[in-house]
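To begin, one chain is listed below as structure tokens, in the form predicted alone.
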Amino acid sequence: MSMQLTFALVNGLTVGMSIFLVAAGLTLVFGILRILNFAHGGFFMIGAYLTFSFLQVLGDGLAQFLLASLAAGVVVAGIGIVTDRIVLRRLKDLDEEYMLIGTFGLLMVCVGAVKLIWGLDYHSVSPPSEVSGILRFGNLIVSKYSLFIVAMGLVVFFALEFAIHRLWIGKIVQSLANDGWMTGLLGLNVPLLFTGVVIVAFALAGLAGGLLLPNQSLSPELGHAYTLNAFIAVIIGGLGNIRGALFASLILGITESMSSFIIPGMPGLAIYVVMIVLLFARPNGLFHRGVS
């Protein structure tokens, strides 16, 4: 029994880090632009499809997989520049309902583009040989790919933490999130800074799509797979807070894994119970809202 609980805990960490990889870009955009990007899952899906296409050319191997994922992040970041100029800038100062409608329309465009370019067929991709298979720790069996996902989630988290709290550009981003008008008075190019944040957020979505590609079937419905849990993590963690998104993602991942072990007949129920309890206890999220 204890071994099964340990396995469920390890699996929960993997699920939580998977959620965080998707939620990181989502919470970053909200922290700066105050836009809850409903289309984030669509760009995550495009990142996964791009990685799949790049791997057809690059071949197998961990280095090729990482390169394909990074390339997908770069391409999705480029799409983010266009999206920012055409859509997001127009939505930034509108009411929330217009944001949701506009970004939902973007999600439909992403799904339609995927169907036109890659078709309706399902695809599956195996993890690179270097991170496939299992590791044994006594009686505990752990997937190498699970450890890889946990490691990638930590890399993304610490990179964002370092950039936001240690680099001068991070201090500017925090000031932009707190008072964009005053940031503009200091002579900084606020629209350019907004675009820079969008580029990073979209790059994170594309990168997450690539890194999580072996974790699910590739289909036009992929955009919905992680989006709901990512939104829940962002809300519970405190809108716009990177640390909050990480802790909330881990809570959701462990909750989902443990509930599948304890109450297998009611999958997914525990996540909503935890969300309700946490929001009653901390209506503004686990951490302070805003980029931090």
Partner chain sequence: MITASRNSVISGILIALVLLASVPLWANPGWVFVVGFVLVEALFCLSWNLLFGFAGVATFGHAAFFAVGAYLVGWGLRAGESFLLLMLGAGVLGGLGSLLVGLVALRRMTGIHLAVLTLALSEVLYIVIGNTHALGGIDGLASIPRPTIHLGLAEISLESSDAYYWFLLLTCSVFALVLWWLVQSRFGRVLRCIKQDGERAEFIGVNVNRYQLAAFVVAGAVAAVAGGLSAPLTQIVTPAAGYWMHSIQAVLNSLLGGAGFFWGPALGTAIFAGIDFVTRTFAGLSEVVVGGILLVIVLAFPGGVLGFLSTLKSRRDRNADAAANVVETGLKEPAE
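Positions refer to the first chain, counted from 1. Since we're looking at a predicted model, the values are computed, not measured.
Below, we turn to the form predicted in complex with its partner chain, even though it does not appear here.
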Q.
Counting any heavy atom within 4.5 Å as contact, can you tell me which stretch out of 102-110, 202-210, 153-161, 136-144 lines its partner chain in the predicted bound form?
A. 102-110
Q: Would you confirm whether the three residues 54, 58 and 250 all fall within 4.5 Å of its partner chain in the predicted bound form, going by non-hydrogen atoms?
A: no
Q.
Please determine whether residue 121 contacts its partner chain in the predicted bound form, using a 4.5 Å cut-off between heavy atoms.
A. no
Q | 4.5 angstroms heavy atom contact with its partner chain in the predicted bound form for residue 81 | A | no
Q | Non-hydrogen atom contact residue 96 with its partner chain in the predicted bound form at 4.5 angstroms | A | yes
Q | Contact of residue 9 with its partner chain in the predicted bound form (heavy atom, 4.5 Å) | A | no
(Q) Heavy atom within 4.5 Å of its partner chain in the predicted bound form: which residues of 13-45 meet that condition, in order? (A) 30, 36, 38
